[in-house]
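Listed next as structure tokens is one chain, alone, in the form predicted alone.
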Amino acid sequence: MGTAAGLIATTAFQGLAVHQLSARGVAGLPLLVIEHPLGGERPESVARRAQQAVEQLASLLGPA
């Protein structure tokens, strides 16, 4: 079935990510979006965003 692939981007770059996926002919590739910014955030905020990313990933992967 090939190698699983996807793209991770922050909200600030979501539009660019969608455009690039389309331009490169892989518009159907899963896109996981994390709240922007990540730099300079407190550990609690980063942990919350990481949990949201894990939940998005689980949703993209579908039922086990």
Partner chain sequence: MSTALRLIEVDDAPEAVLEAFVAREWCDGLPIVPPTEDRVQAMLGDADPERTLGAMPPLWRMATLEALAVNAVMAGCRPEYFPVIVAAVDAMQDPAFNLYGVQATTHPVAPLVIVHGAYGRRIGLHSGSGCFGPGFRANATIGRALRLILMNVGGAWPGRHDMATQGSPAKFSYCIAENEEASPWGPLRDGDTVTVYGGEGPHNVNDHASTTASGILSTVSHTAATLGSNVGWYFAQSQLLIVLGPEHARTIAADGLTRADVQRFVYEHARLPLATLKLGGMWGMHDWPAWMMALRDDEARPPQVPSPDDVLVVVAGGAGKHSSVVPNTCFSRAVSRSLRAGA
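Since the structure is predicted, the reported quantities are computational estimates derived from the model, not experimental observations. Positions refer to the first chain, counted from 1.
Below, we refer to the form predicted in complex with the partner chain, which is not included among the displayed structures.
Heavy atoms of every residue among A12, Q20 and A23 are located within 4.5 Å of the partner chain in the predicted complex. The partner chain is not shown here, and in the predicted complex it never comes within 4.5 Å of any heavy atom of A47. The shortest heavy atom separation between L16 and the partner chain in the predicted complex is within 4.5 Å.
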